[in-house]
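Considered here are two forms of the same protein chain, supplied as structure tokens in two stand-alone entries, structure 1 and structure 2.
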Structure 1
């Protein structure tokens, strides 16, 4: 019971701190925190597939990028912005995740992972080469959520929007995990054969989780494009998916808070290191190796030992 009380108090404190952040954080720090929350959404998406479903994916960047490019193309070519554009981006991500899931979930384990990489990399190649539409390696410039001067053009209001999205998606992930569907998803992670023998449609369960994760990743991508006001093909890159993966594992895979903790730590680490030439890459590489050796169950796992 004390652990539950701890979780409730911790959550309340975290939400209060995040909600009041515009009051006590400087403009730069607020921007970094905003980016951390966007990355947190991508990490939540990865956690649904990896943590709950037990499927190692390195392709969430595919849906992240589709969301980002949908928002970007709508903003630059059609002048469609705001919540309508975000809704379209999420719809695109959802449909794409359904189609991709139908194919990639046919294989398991490492083949599944390799296919997710391949799909994200192919989208990367398309965005890179199709200059006429995507702008090629230079990307799209001038991607805005609102018209200039709008409410959400102000950083603190865009931050509030991101925070609301993150809270909603966290609640969705929490509800998902404790729902009958979430329990059966975790069941497929633990023992797919037994679940199939019990009469569960294993691939159907995994597909629904994959689609939910694709929708959240597309939402994260759209917000990412608006946050940066520009985007380039790197949103599809394996680096992006790998970053989301390590955020989940650093924080604690399969937990609710873990992905967000991992996203906040790594985003702040990155922003404090990118000024020091390419040292960030070295540190990030070492983090990957250290997580495996030192904290295989993540930061949350360090505090909940003995439960598994």
Structure 2
């Protein structure tokens, strides 16, 4: 069986197992898996910028937080919930990514990374201090997808919604990766100077990828708000962006399945370790270092050696 067929069969089995998870997982485990899928969306958005575009970002938490707070504020103050609120959250994340991208993409390398951190920290400060709207450090309580008792108020149905969103965004990432635009984005990652010399609009290519990543991150944030039913400014924090970055590198930067695999592994490890030891961050760091030593291209890289 060829590698492509193996990939198709593996993908089909993974989707089938995920779809049937409510039948064989308990309530707690299903909740952790739901969180892993949400974080998988954030990891996909980070992978578009980092893995496809070669831009090291620690600011995806900015768009994640914007999506989360848009959904939370609409739910709390305007009683707008459900798909309408998610659509507005994605729109806000898309517009914000376009505006931020126009600024941060004027720089490269370390300066780009520092600017993305600065944007996320600025939004964190606004959410922390604007108590009248955001609730400050106390946050927003009672952020629900629908009214209590609605269909998506049930954990298994909300999980199904999250899974559908993840599958759709994975297909989008795959299509982007294998489209002419995706190839030009990867060419920009490999040699931006040569691409510019060939007549490509390097900054425009990077901006479109940045906007697509911002939209997916905002979707992840909105789903996280509904999953958690509570929001505080930490959704903008550098910890959230760094966690997504580690998920991408752990699973395999630039691959399609890698970010999702990294998100699932890291979320379940974090859930398991926090109940075992207070030094879970240290243990998690050791696990990550070992994986990097054994598989420098990520977990997916172990099975795709020799392929671009």
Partner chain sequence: MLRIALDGLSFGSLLFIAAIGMSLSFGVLRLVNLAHGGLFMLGAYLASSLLSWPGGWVTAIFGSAVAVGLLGLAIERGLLRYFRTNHLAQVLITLGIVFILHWLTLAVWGGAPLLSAPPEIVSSGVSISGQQYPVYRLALIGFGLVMFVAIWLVFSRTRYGAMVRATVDDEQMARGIGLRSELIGATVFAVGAALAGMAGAIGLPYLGAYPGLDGEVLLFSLIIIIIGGAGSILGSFIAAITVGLINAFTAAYLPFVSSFVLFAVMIVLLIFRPYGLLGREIVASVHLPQSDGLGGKAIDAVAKRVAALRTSGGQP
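Numbering follows the first chain given and starts at 1. Please read these numbers as outputs of a predicted model, since none were measured by experiment. Heads up, when I say rigid core I mean the largest set of C-alphas that superpose within 1.5 Å between the two forms.
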* Among the two displayed forms of the chain, which is the form predicted in complex with the partner chain? -> 1
* Asked: Once you line up the core, how about residue 295: does its CA shift reach 2 Å between the two structures?
  -> yes
* Displaced residue check between the two structures: residue 12, CA, 2 Å or over, core reference -> no
* Superpose on the rigid core, then tell me if the C-alpha of residue 286 is displaced by 2 angstroms or more between the two structures. => yes
